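Just the one chain here, the form predicted on its own, laid out as structure tokens.
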């Protein structure tokens, strides 16, 4: 019993850990969350898969053994005790009980026994009688079912622990220790996974996930295991006919459901069923839950605007989500990995009275260089209003642990990125830029807009500053000044350089507006003026953006996928009844305690001496009240005959 209690405490502590610490997540997530040191500590202790850890399964095994021995040793005694009315009780021992009272009655002993028998039966006691040479004993027992409470509680613990062992992948642990199973860590397709990383459909217990696009099917499920995964073969095939999502007005998902078809050789006709959250389909002991949703391979049209190199014209691309393609850039051949497409992106709303709003579709992708380095990007299809102005937003990060840092490209009056790209491309055109700078230098009257000197030298300086600015932003211009100009002249020269830079940028921008057909006879509009400032800030941030392209999503064909979680847990067939038995057993132990009463009759001096005695295993206060009720009734009956 001491061992069982100790093991129960250990199981309770482990269950607390398993509840607080999210289980069965990718090891990379734990590493990012806890750091290398604590990750290794928790991994060694098996805290990331508590319920299937070897030490936890050993505890359950010992608990089953210990509790089973306890049941085996005590069950016969408890059965005997439930049927034992203790008719051997002696008068002296009855007088030693805490509760006892005595009367001397001038009435026949048979009449006294009849009255007592009727009263105790009325209070729900089971009765037995014993006759002696000069006495009669009436023994009563109530609440013998409390012993059933002990038995049910202990049997329930055994059933729950066996269920935990069944669902704790004991057989999988054994197979892994024998080298029959090996975790797969590579990101490969299902048909490429080797046999040693596959589990047969007869596997006793598992919990895994699979994403199936509309019109597609699957007969396998991926089981996250340690730092990789295993492929579980299903005894049937799941096909998805349709997937539907209902949205709130803000665009947030309201509900989603899938129309599934179960195809099995043993079925005369396929099973068709619609599942939704909390309404699974159960077939052959496998529960199929609606867990999530995602992209099922949407087809997208993308325009890749060059940000580096001499090319200015965008490249038209067609892609499919979850597929890859090669992309030639000024930095060499890059691998474009299209990871996700989202039709809705819900953000906090800046409008009063609205909590959220939808900012439209987006694509998430990675650009990987030839040496394997990659950055992840998140690009929105439509302009997003920020600070009252529309921008094309593109997030970038080097690691999933980092938040996205956004590049804001200003949208023109038609909601397009074309004006910004045209402006940026003109600044990259060094030849045309030099001719424009030379023209400006020739028209300068020496009024301080540019320093004095030869026109060609001035034009070279102007175009050089723009080139430095385009390549690295204002930080690069400041760095160039610090590396070339003595410290005592930096402040003066910096002021001149900034004037030169802004003047040339302004001229390029005005020429762009003229080419668009706008009249510049008067001052620029507030929108065009602000666009110039925003474009300058965006150009200065392109170097930190780190991509040779800006990918603009133009159109798409949305294909959805349903995320299913499949579980096979035969242990629940023991755990559920075990939990019911545990609740019933606790109820019987605490609310139906065993209570005993004895009424002892002895002939004496021409009358009958009546002794009432009783005791209870627990709930002494309740028993005292019941004993007093019986005593009072007998007092009413026996007192007139005293």
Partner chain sequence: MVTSNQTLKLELGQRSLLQRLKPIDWIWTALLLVGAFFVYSEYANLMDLYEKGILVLTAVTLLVMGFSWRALQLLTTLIALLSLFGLSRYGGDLAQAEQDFFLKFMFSSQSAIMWMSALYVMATIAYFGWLFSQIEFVGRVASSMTWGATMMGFVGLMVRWYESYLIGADVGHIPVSNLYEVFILFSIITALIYLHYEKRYETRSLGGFVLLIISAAVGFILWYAFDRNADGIQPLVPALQSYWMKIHVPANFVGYGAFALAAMVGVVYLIKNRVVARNPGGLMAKQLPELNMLDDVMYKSIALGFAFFTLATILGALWAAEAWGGYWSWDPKETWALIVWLNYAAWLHMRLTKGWRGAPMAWWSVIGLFVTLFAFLGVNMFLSGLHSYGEL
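Residue numbers count along the first chain shown, from 1. Because the structure is predicted, anything quoted here is derived from the model rather than measured.
There is another form of this protein, the form predicted together with its partner chain, and it is not shown here; the text below is about that form.
Asks: Scan 278, 347, 191, 328 and let me know which has any heavy atom within 4.5 Å of its partner chain in the predicted bound form.
Replies: The residue in contact is 278.
Asks: Under a 4.5 angstroms heavy atom criterion, identify the one residue in 96, 529, 255, 414 near its partner chain in the predicted bound form.
Replies: Exactly one residue meets the criterion: 255.
Asks: Could you tell me if residue 167 has a non-hydrogen atom within 4.5 Å of its partner chain in the predicted bound form?
Replies: Yes, residue 167 lies within 4.5 Å of its partner chain in the predicted bound form.
Asks: Given that its partner chain is not shown alongside this chain, does residue 512 nevertheless sit within 4.5 Å of it in the predicted bound form, heavy atom to heavy atom?
Replies: Taking the distances in the predicted bound form, the answer for residue 512 is no, it never comes within 4.5 Å of its partner chain.
Asks: Taking heavy atoms and a 4.5 Å cut-off, does residue 464 contact its partner chain in the predicted bound form?
Replies: It does not: once its partner chain is placed as it appears in the predicted bound form, residue 464 has no heavy atom within 4.5 Å of it.
Asks: Counting only non-hydrogen atoms and a 4.5 angstroms cut-off, does residue 92 reach its partner chain in the predicted bound form?
Replies: It does not: once its partner chain is placed as it appears in the predicted bound form, residue 92 has no heavy atom within 4.5 Å of it.
Asks: Does its partner chain, in the predicted bound form, lie within 4.5 angstroms of each residue among 29, 359 and 397, using heavy atoms as the measure?
Replies: Per the other structure, none of 29, 359 and 397 touch its partner chain.
Asks: Please pick out the stretch from 156-164, 211-219, 174-182, 260-268 that is in contact with its partner chain in the predicted bound form, where contact means heavy atoms within 4.5 Å.
Replies: Checking each option against the 4.5 Å cut-off leaves 156-164.
Asks: Just to make sure I understand: among 581-608, which residues lie within 4.5 Å of its partner chain in the predicted bound form, judging by heavy atoms?
Replies: Sequence-ordered list: 582, 583, 586, 587, 590, 591, 605, 606.
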